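Have a look below at one chain only, the form predicted on its own, in structure tokens format.
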Amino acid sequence: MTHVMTEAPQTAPEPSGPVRDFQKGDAINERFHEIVPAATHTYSKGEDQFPKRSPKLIARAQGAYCWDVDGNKFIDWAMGNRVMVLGHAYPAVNEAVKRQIELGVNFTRPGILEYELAEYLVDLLPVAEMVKFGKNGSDVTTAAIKLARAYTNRKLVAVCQEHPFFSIHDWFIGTTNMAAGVPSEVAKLTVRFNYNDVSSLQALYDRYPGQIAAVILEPVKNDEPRNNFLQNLREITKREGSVLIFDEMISGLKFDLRGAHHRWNVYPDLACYGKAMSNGYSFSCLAGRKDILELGGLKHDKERVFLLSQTHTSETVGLAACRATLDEYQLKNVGDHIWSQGAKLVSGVRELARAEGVADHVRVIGFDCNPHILVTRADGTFWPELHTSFHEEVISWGVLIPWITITYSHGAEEIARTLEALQHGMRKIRRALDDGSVERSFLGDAVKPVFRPFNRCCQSKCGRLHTDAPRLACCTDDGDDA
């Protein structure tokens, strides 16, 4: 049965926690919308992704905590967009950055730190015969796609459809439900296969023989690779002559310092790193086979690939942060800390959900090093209203946990306080479920998918554009406010 999304009323019961005052943030947010589209530079941080009763702007952060402009303090599990592995404002990284700033941040020719970090990474990463640096994940995933197309002289790219995001650039965004501005001709060059289903990839090769330049996916996300999936994927891409690209933005450093592919002993042709690799500073890295990456270099006679030539790629702050982060990761054995603390959090959430009678509605998926809490209907499908109600309550107890990034700064105290806040959230939604008041149990609108074609859409595949999509209340064509 289709659940019709309704707008929540503008009055709702107050959450029970002490964090309730967001007046300053709300006021700034109104002006923010007038000068910046969506009042954010990152869609996943937008107000449509959080309850109305939540911090709108963050003023500072330290360790496992952040403070908003109203002075409210939160345990931060999101860590930006999962860009931390040590914690906010981590001293060893900040000190390395400060030392480098005194030496200069951008030069007329390549800086010595570019060479030193490249040597360090080629030695550290088994996948890396060469490396090329960027400033964000989209830089290096798109560079990998360009290299693959040049290397194979093919056009098509196969992406794993269970993995939600690979790049801001047209080759990927054109495949999403927020594809306005991307020519359909570009979108058609990207095709999809399923994780843990080699036959779905083989079907693409059968349909497009000799046309697939690259296969890109996260080596692991929420599901364990089954039936030697990664090994079989490696074999089929070699046989078909495609470049295999692993996106290690999220999995890198969480599963293993060298990437999740190293843990499963399956090596791609190209690997893309970023996010936590520099503990929040802007840096990314493309690593892999020399014969592919050298197409962007000067030591060959083939047609040249314009590869990641950016003014700020050689800016030294991110490079210094990366080296300091990787050193500290190894010195403090951060990988073991992430796995062990994650196991405690995961088991605690599951025990609480069973005890509070909401195990069918508050679920933990993924791995201990990279878990995710889902708030769902009993059949396991995402329930936006219940999610919003749950997180409104959890936020009122000083915990931000829209997604989970376990860092070296998250310890026993943070886990204990988080479980207490989650218990309050579970009790709230249990009451709402029992009395049928889920849609009336929070202030404002329910959260919405980032990838939706219209602002009022409550589902990613909009019924206004797709005849096979469920027709929800937001699918009506009654005005210009959609």
Ligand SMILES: Cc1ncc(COP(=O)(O)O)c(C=O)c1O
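Only a predicted model underlies this, so the values are computations on that prediction, with no experimental measurement involved. Heads up: residue numbers just count along the shown sequence, starting at 1.
There is another form of the same protein, the form predicted in complex with this ligand; it is not shown, and what comes next is about it.
*Asks:* With a cut-off of 4.5 Å between heavy atoms, is residue 341 one of the residues that contacts this ligand in the model of the complex?
*Replies:* Answer no; every heavy atom of residue 341 is more than 4.5 Å from this ligand in the model of the complex.
*Asks:* Using 4.5 Å between non-hydrogen atoms, is residue 218 touching this ligand in the model of the complex?
*Replies:* Residue 218: contacts this ligand in the model of the complex.
*Asks:* Give a yes or no for residue 393: in the model of the complex, does one of its heavy atoms lie within 4.5 Å of a heavy atom belonging to this ligand?
*Replies:* No.
*Asks:* Decide whether residue 403 counts as a contact residue for this ligand in the model of the complex under a heavy atom distance cut-off of 4.5 Å.
*Replies:* Heavy-atom contact with this ligand at 4.5 Å: absent for residue 403.
*Asks:* Please identify the residue among 361, 132, 387, 275 with any heavy atom within 4.5 Å of this ligand in the model of the complex.
*Replies:* Only one listed residue qualifies here, and that residue is 275.
*Asks:* Using heavy atoms only and a 4.5 Å cut-off, determine which of 145, 375, 249, 324 is in contact with this ligand in the model of the complex.
*Replies:* Comparing distances to this ligand in the model of the complex, the residue within 4.5 Å is 249.
*Asks:* So if I measure heavy atom distances to this ligand in the model of the complex, which of the stretches 189-197, 132-140, 237-245, 405-413 falls within 4.5 Å?
*Replies:* Checking each option against the 4.5 Å cut-off leaves 132-140.
*Asks:* Pull the contact list for 46-83: residues with a heavy atom within 4.5 Å of this ligand in the model of the complex, in sequence order.
*Replies:* Contacts from 46-83: just 81.
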